[in-house]
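Next up, structure tokens for two forms of one chain, structure 1 and then structure 2.
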Structure 1
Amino acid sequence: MNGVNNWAMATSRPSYIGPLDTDAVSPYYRQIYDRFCDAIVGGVLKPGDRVPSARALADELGLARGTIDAAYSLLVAEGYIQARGQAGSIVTPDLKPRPSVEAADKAPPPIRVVANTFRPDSIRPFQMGLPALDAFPRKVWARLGARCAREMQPSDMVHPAVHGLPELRSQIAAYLQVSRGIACTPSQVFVTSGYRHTLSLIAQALLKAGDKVWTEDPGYPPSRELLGHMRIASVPVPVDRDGMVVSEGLREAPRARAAIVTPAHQSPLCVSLSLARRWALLDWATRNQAWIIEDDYDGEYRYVSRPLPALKSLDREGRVLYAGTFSKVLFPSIRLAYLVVPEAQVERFEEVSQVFAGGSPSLTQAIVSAFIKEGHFARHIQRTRKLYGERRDATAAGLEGVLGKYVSVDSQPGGMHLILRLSARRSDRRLVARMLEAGLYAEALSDWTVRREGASALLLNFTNVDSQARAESLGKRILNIMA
């Protein structure tokens, strides 16, 4: 039995963990994650080797169990380790051996999931990416689900359509025409299993290794990570109060093949892309035969006025691909999103979908289709838009009342999270790590930023904070952590 397998019986911590840096900006769970990655890549831990249990490692390092769980969740998500239930966790058996020194010198640096992409499968206060779960009409959903299950025919039990259920594609096209001003046919709508699948599909169809793509800075980290894995260069373009600074993109990479933007509510700053910038972006794409990927992840949730029309609604040259999702408006575990492609690209996307898409469950698609067709979807959006406006105000007031000495809350026209700017040069990453250890959730604005160090800030989802009193109670927990 090797040293790793003997770990549970050893009295000293494994050499690949080593002492953690208490002064580092990187949180503890990130440091642990990095140490394991280095040990696996370096051959210290080999495929099939057991890794310490989370409980044992927490006791050894004197850390909260949640800190170790966070690190292990990232390792599992990246494919470094596999959880085997009561049998413990092991290094993934089929991991490829470490490349030779010569090959490593030529290979691009490994790409790792950054801390802010870890979102637990539990429900924590302020957890990003979650709609108001208490406001979802579960009884309506259950009734529709039971009906769709009863009506299933043998033809519904074969492999799902890779482009999406025809009825759902029709319902999405009709909804977008009314709510987002997008004129499209059902054949232009492709149902996917989430934003990452959507972006992967676009990259496979329209991009190639070595291409350059504008991404917002700060911006949604998984976009950069996915592009990096496909060897597509991400070009960070700064964002100001009017959204992506198109002139900076033109200066940095005028011949880029695509731009990924969040025009309705920039992710994460929640500013809207100005009309002048929209026209400038469309003009650039038309002149350079480039693509614009519009990620409209929560465009329905604007509180100061009616939702803005989609950038796609201004597209006259067929350069915009519109990405929407049901995760933010229904619930994340539904794993359904959609993509609207230019009419001239329909055949290309049909070909690529046949190769790379597995198809989402037909029963789930049927339920969503009925949910939209019978008007429940539109009513749910209207109710939650009003509810979120109230909860945003209550959460901001509650947190400012308790934390006003240490934070300021950005004024935002829409979105599903608050931005709390930290005073006194306090590290947002360090505070996020401590909040995670205390059972709370937050994401650090620093982790969303590439080229420049912005002000420290916390990103906090407010959709599941149901009252100002609840916000004040949570604010006191944060205050105790900051003390």
Structure 2
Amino acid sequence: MNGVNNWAMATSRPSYIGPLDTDAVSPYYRQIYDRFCDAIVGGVLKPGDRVPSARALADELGLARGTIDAAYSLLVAEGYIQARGQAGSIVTPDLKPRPSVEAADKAPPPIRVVANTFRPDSIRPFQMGLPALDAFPRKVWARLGARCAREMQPSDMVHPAVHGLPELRSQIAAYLQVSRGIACTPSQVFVTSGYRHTLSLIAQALLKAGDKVWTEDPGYPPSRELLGHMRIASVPVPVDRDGMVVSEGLREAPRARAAIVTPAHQSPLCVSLSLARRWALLDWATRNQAWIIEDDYDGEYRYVSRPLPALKSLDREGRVLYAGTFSKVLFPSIRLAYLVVPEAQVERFEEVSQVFAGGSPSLTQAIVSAFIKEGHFARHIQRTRKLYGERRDATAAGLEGVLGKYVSVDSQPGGMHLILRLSARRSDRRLVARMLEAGLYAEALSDWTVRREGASALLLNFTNVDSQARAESLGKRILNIMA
């Protein structure tokens, strides 16, 4: 034994280096990744601790070196560990959030309603927010729809529970446990008719006119619009490669009442919120009794590794409201989404949903419930995850092949759209306007940005681009427009 791996000689062998589960569904690198996450989150490995070298761990576990490297790359990418070259890797030293710095609140900027996130009448190439329409199992859906309509009994016709059908709430809770690492009871799940309904429910329950809320900048414009209508002030907080810059939020508006974040793939930049930032955010929320609204609109779609656990899975203090939706995984016209609220807020949300009711028809809820129960949902996600990975690569290759001189494609691990960076002097807004005129679709990164100037890029949904040839042909249309 040399000194390098004497960590393995400790009398109490740490759990993260025990034998792997050869029967588990997750691949080995993922199991290793998960263990280190658990060890770091659970405090077994502390900030600054050295982690075993990849070689030593590969030897110990009898695995290929590449497997360990894959796990470590992911851990580095997520900010759990830092590579220090020859010196090995360590748990990120500054994982603990710094105490917040009091700073004078600046006046919130005026609300800007984005003009170009419009919804065309027909389906256009690159249209944002759509899943692959050709990949949806419509026959299965029609069969379940017919069955649920036929089976409707008088007892299914009365006022449905405003929080959603019990069966569907259970299915959602079970799904979130397995797929997003969220431990919640069905009573914490509220079924809504879309993300905006979810957000207005949260605002009605926990916020009020005059409150401040951190929003990501750039970020999903409808959140700011909705808050603005409710006279709640958005405080734009910049986003860098580790997601929302929490320290900037602390500086700008330490006493904001809530933060809306998209931790899995930031909307629209597709970066993940790093673990350090996740903790900083949770720490801020706990200290200030503020709320974190986790908009996990497409957390399922990550292509280079398995989806990350939700931020909600780290929430020990009951500060995170988790917003999920079926709009992206199934299809938008289903008008079905859900919200997971902390245990202590269940009663408040029950009251508010009683007052505002609305909600989804029992038929829709019954169909989705059957769709999940019979395994179609899980299969559909698996299938589309693979498909989107392929379509993403094909679209990026096709567009770069044609437009490579003028644009560059961001490399992101997930999401449903590409970010096509334009050279600085080219206006993304003008290009988008022309593309819309020409029957294409795109959104301009500038229109998603409140404060910072200069980032000129197109947001292009790739889920319905079914081949590289198709992407090339679309790329040529863009090239003509740019000329």
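Residues are numbered by position in structure 1's sequence, first residue being 1. These numbers were taken from a predicted model, which means no experiment stands behind them. Superpose the two forms; the largest set of C-alphas matching within 1.5 Å is the rigid core.
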Structure number, where the criterion is the form predicted on its own: 1
Residue 345 C-alpha moves between the two structures by 2 Å or more, core aligned: no
Residue 170: with the rigid core matched between the two structures, does its Cα shift 2 Å or more? no
Residue 89 C-alpha relocation of at least 2 Å between the two structures, rigid core basis: yes
After superposition on the rigid core, what is the displacement of the C-alpha atom of residue 59 between the two structures, in Å? 73.9
